[in-house]
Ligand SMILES: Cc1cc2nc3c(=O)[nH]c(=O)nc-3n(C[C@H](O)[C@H](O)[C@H](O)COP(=O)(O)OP(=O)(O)OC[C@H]3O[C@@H](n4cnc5c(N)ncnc54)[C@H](O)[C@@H]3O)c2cc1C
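Only one chain comes next, encoded as structure tokens, the form predicted on its own.
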């Protein structure tokens, strides 16, 4: 079961997972001297401001994501980049700890997935729109359409308004913030999710640059972030069972609301879902799911995971075939590596909750970071661990392994002892 000249690949969803699948599919097909019709179906107009044109994401590109773009011979244009993120400021127990990029060569950017906040002053250049344009420029057919159903016929049938499109391969790249169009006969079940709370606000003139991270209030918060994006700040809250008033509580508990004029605080607002488990049945004969529709990194670097799964699915389809067995052999191992790494992520987030419940450990951890600030950049092991955790720029396995190393444990014990001396 292989793709042949003239076959049609239909990609449902035009976000980073769908666009990069199209780009990789066309690249691998060209290398194999294979002529394909690649169609991308996307309901949104990513040039619209607000949730209607946005893929509801904090919009941080890790250095891994930037590197993956370059493998597709793509360089981010300056107008898409909103800010370069080289400093994270951790607000911890009433004090601030500044974390600087341990490796300046690994650049991290903030971008907008749509065209900026719904009540913003001026539209901005959308990352998703730019990437979809790159797929179109390299030969993909991009159609504005809402997919109603993907039927499990001999050749998959994609149903849109007043039309049915026959495909030789269908790729699901809709993410998890819309209803899945996949017919039950495929045996596909979307991933489990948790809900985030996000909004945008004007960036104050006196805003201190960098991403600000908070890990204490409101109850249930795993972490909250203020992410600079040009003239605006993205506010993202991730946690367990956050209340409907979580955003208001967050801003009030950290005295953030007082820096903004009345009526100009929150400009947008959405409650996107984030993936916390893999999908079931994310591949079959002539069907494969990529990005959030299949699996993504836990809480971080979703765009990077979209690129990784898109590349693996496209390579499998062109080089190996499009049967269930082909995806089982060559695509599933890539997804399983993400799933395995996420288990370390779950453990890290669980461990991170302990200091918040035990104040003496929180104070020791804070002291450890302050002691490290006096060391050369390469010797700040806890700083590097937090940088990788907050940015998604390192695998969870690598972070956990480093955290459990004798050097990291010794540094923490020094923080505990130094705190006792200070008393």
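On a predicted model such as this, the values are computed, not experimentally measured, just so you know. Positions refer to the first chain, counted from 1.
One more form of this protein exists, namely the form predicted in complex with the named molecule; it is left out here, but the text below deals with it.
When contacts are judged by a 4.5 Å heavy atom cut-off, residue 198 counts as touching the named molecule in the predicted bound form.
Shown alone here, residue 314 lies farther than 4.5 Å from the named molecule in the predicted bound form, counting heavy atoms only. The closest heavy atom approach of residue 365 to the named molecule in the predicted bound form falls outside 4.5 Å. At least one heavy atom of residue 145 is located within 4.5 Å of the named molecule in the predicted bound form. The three marked residues, 25, 287 and 324, fail to reach the named molecule in the predicted bound form, with no heavy atom of any inside 4.5 Å. Only one of the listed residues (69, 381, 389, 57) places a non-hydrogen atom within 4.5 angstroms of the named molecule in the predicted bound form, and that residue is 57.
Only one listed stretch (114-122, 333-341, 205-213, 273-281) carries heavy atoms within 4.5 Å of the named molecule in the predicted bound form, and that stretch is 273-281. Using a 4.5 Å cut-off on any heavy atom, the residues of 5-20 that reach the named molecule in the predicted bound form are, in sequence order, 12, 13, 14, 15, 16, 17, 18.
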